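Read the single chain below, which is given as structure tokens and is the form predicted on its own.
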């Protein structure tokens, strides 16, 4: 599994916005220079985050972007979902294979023996993958833009401003 470069740029852009002085927005040109990415590419990333309510656009000559909510309320998961989408990471593509049917039958037999019930069977591989995805989502929910800034302060001694 690999996240796109867009997610990387989005997270780093948010960290720069969170470090900005209170109520100071940063223009796309400045952010694109800081991140070494084209303005048009970064504009598309920022538009996705604006659509999801993570940042807001400030119009005008001195306009730009600012956080739409505090850095402590922006989780890594919501940023990743804004950029990558909200689809499941794994879909079972072998539902009709003989191996899958055998695994489903074994699972159904085991479960009905233990619980005296029957069900239609499920993809055991998907069950494992869904569990892993749930753990990943929980981990990403626990980490915020502010938690990264707090870690930087702890390790480097730099100060940041909370929005």
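Being a predicted model, the structure only gives us computed values, none of them experimental. Positions refer to the first chain, counted from 1.
The same protein has a further form, the form predicted in complex with the DNA, not shown here; the description that follows concerns it.
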Name the single residue among 57, 129, 35, 136 that comes within 4.5 Å of the DNA in the predicted complex, judging by heavy atoms.
57
Can residue 63 be called a contact residue for the DNA in the predicted complex at 4.5 Å between heavy atoms?
yes
Can you work out whether residue 49 and the DNA are in contact in the predicted complex, taking contact to mean some heavy atom pair no more than 4.5 Å apart?
no
For residue 53, is any heavy atom within 4.5 Å of the DNA in the predicted complex, or not?
no
Contact flag, residue 28 vs the DNA in the predicted complex, heavy atom cut 4.5 Å
yes
Could you list the residues in 1-16 that come within 4.5 Å of the DNA in the predicted complex, counting only heavy atoms and keeping sequence order?
4, 5, 6, 9
